[in-house]
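Take a look at this one chain, the form predicted on its own, written out in structure tokens.
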């Protein structure tokens, strides 16, 4: 069982699970599927823009016609917007959270759609399993809360972070260094890595369990009863498949919630 990663070509007679030459092939799609002028569009780029268009479509078709009795689709979209507005923006940031609702709604829906690509037939790849995308979203959040912090509190935002007055004077330098590193260096990194790592782990598990299960079952003529080992693998993969739907929603919520928390720490810096 020293072979752990599924490959596209597998010798099921001699190897239990085969390994690809490079594990990155599960996450990197460098092949250009079409070009727009000099720009080559890979699968990842295509899925990135597809997720954006899906979000725009959901909002447009869900909100374009306000009715006394909204459709079921309209109710779902309005419920999502109310959830972000009331349960995240206003509950975390406060009354001033209304101005950040468009951004929080956009990242919540974009991450949710991008995560659910993992369990979407014929796609089966979460775009958030590419570090560049969570990193980009985390940097946007970082820029917002830093600009808000300096805009509302001027240089007191930096000075009170480095020299926190609520801490005993003998410990201020130590706490100040910790806060400086935490707020201005670690926040965007941890925000991105949390989303990235969870989606990578889920993608690997689904690829391993479902893929290897299919390979064993379809190899029954060659290996006989040994192929039955694919049944528990495939069943466990289906369980992970359902679990990943929950993870996809949860990770979109956590990223949006933490973004709101970071913005709140700048809006109400005095607390």
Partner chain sequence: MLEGDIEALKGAIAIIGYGLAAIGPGIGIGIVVGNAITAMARQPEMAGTIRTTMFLGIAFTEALALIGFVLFFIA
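Residue numbers count along the first chain shown, from 1. Just so it is clear, the structure is predicted and the values come from calculations on it, not from any experiment.
Form predicted in complex with its partner chain: not shown, discussed below.
204 is the sole member of 214, 58, 227, 204 with a non-hydrogen atom lying within 4.5 angstroms of its partner chain in the predicted complex. For the options 79, 120, 71, 190, the residue carrying a heavy atom within 4.5 angstroms of its partner chain in the predicted complex is 190. Shown alone here, residue 105 lies farther than 4.5 Å from its partner chain in the predicted complex, counting heavy atoms only. Of the heavy atoms in residue 92, some are within 4.5 Å of its partner chain in the predicted complex. Its partner chain is not shown here, but in the predicted complex it comes within 4.5 Å of a heavy atom of residue 196. Contact check for residue 248: every heavy atom lies farther than 4.5 Å from its partner chain in the predicted complex. Although its partner chain is not shown here, in the predicted complex the stretch 224 to 261 places heavy atoms of 250, 251, 253, 254, 257, 258, 261 within 4.5 Å of it, in sequence order.
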